[in-house]
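Look below for two forms of one protein chain, each set out as structure tokens: first structure 1, then structure 2.
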Structure 1
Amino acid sequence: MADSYRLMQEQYVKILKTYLEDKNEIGLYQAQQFSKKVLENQISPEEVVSLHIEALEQFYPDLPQGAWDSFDFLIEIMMGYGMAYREHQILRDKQKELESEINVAANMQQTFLPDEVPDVEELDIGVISVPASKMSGDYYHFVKDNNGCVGVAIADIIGKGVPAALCMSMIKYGMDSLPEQRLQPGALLENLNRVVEQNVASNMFITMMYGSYDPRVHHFYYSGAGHEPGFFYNRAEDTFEELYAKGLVLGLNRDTQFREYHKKIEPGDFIVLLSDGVTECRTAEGFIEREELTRLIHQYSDLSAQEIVNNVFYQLEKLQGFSLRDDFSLIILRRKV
């Protein structure tokens, strides 16, 4: 350490001498480069002042005593500054470490979501899920059984950040471990509710809507656990109605039972599932009304399901100044034939 300081001292003397003799840009450039070495070698601000004093003693040994005393004063100031700066560096390093861990968690969280939607001849499926920050509290899931039935889940973890990501992993584990009755919405939510109640902290709750489309009879069966109601679009009547499913949030009561509902789906009809980040889109005038959302969906209803969700997201993001205030998830399932 002493050798390193001595080397820095020699370099500083040369740089300062060059600048005092020539007073040009070269000396200033060398000073900038030297400051980088100061940071690399973790030289404190008060030590830099000491380097300057030692150099001045060589160049101007006859400086008045008042000048030398002023440097002692400056060193005291730099000692306080240096301590604050080192604390800042420690906090910054910790923040970088935390951000790195959050990035790893966010990347891992993305692996919980499906890579692609199921390929079903009878259905046109569109999905978009965009987090408001790095970590999302929204989750969606697709599953297709041997009979061609398509199950779809959309969930919202009440909470954000790493705790929400851990809950999301629990949901995925719970859904992946369920037996074949997983496509029966009521039974699925009851099983998943017990998994959540046993394994998730008491202050964490999960809302979910789960539905199953049976292409053999073209019925959509669904149940809800305190989740934001979706919509059913009737093509023949050109109307929207709420897809409401009453039920407690997951994890609140181990013995909760969930009622099952169903809709007959005709060609051109579609189901809309969403998170509250869609219906609670906040603009300068306040939250948008659900009627405004259905009008927006209807505006693009002649497009494919994926184009509908993409356009709706763009328009709602635009209303919010392209700055999401909550996680946004929107799924559309439309019967083709």
Structure 2
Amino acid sequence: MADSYRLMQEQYVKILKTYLEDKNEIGLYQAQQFSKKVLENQISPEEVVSLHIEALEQFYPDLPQGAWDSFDFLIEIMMGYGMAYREHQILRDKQKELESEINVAANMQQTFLPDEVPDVEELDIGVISVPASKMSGDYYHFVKDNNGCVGVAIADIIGKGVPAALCMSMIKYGMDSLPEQRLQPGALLENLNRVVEQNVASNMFITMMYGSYDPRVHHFYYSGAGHEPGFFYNRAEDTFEELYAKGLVLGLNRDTQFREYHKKIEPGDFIVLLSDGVTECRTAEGFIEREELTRLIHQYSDLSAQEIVNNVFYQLEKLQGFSLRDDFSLIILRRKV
């Protein structure tokens, strides 16, 4: 530190001398460069004044005493800046530290989500999940069992950011610790609800929809725990209907029961699951209507499931001025024609 101060001092004397002799732009440019260097070396404002005094002592040793005294005065004034600057440095370091911790957590959170969609001959699956900030409160999960049934879960954890992400790890481990054999959606939610109920604060809750697609009979079985309804697209009639499974949110009552619903899926029909960040897309004119969403999905329905969700996300993100207010997740499962 002392060494770097001495080096800075030598350099300051040199560039100030050049400037005083030539008084040109190059001298001023060197001053700018020097100012970056003092910041890098964490030299305080009052120390810069000291550098200046020491240089003047070499160039003009005969300055009147009043001039020297005035520098002591100036140093005193610069002290306040110096302290504010050091505080700023500390905060900046702290912020960097926090940011890197959040990045680590966000990366870890990514590992909670599946890397890829299951490969099922009969199904075309598309999924997109984009957090509003670094950490997400949306969770989704795919599982394929020995019978070829595809389980799909979509959940929305109350709130956003770090608290939601912490809660998500519980859901993830809760799902992983469920029995190996295929669970009926209702039973799965009942199991999970007991885990959540025991482990969340009183004002936390989770909404979830869980469905299981049986490709042998092309039935989709599903249950919901207070989750935003999805859609069912009927290709023969070219209509959308709400895919709603009424049920209480997870984490409220230990003994909640969840009703199971089912739907016969014909070739070309598809199921849309979503988080409320999709339907609560808020534009300058207010919230978008659910019809607006089905219109968008319909518009892209000739594309693959993945391309549909990508395009719908892009259009809705555009409507919101490319700044998401809430985490956004959209899943489409389509029976291949």
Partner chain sequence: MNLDIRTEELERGTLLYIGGEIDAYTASQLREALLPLTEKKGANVVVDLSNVNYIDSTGLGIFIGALKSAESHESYLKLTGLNERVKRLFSITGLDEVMDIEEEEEAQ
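Predicted model only: the values in this text are computed from it and were never measured. The term rigid core refers to the maximal set of C-alpha atoms that superpose within 1.5 Å between the two forms. Quick note, the numbers are simply positions in structure 1, starting from 1.
In this comparison the chain labelled structure 1 is the form predicted alone, and the other chain is not. In the motion between the two structures, where one rigid part swings relative to another, the hinge among I90, N191, P215, F142 is I90. Domain rotation between the two structures: smaller rigid part turned by 18 degrees relative to the larger, from C-alpha superpositions. The rigid core superposition between the two structures gives a CA shift for L39 of 5.3 Å.
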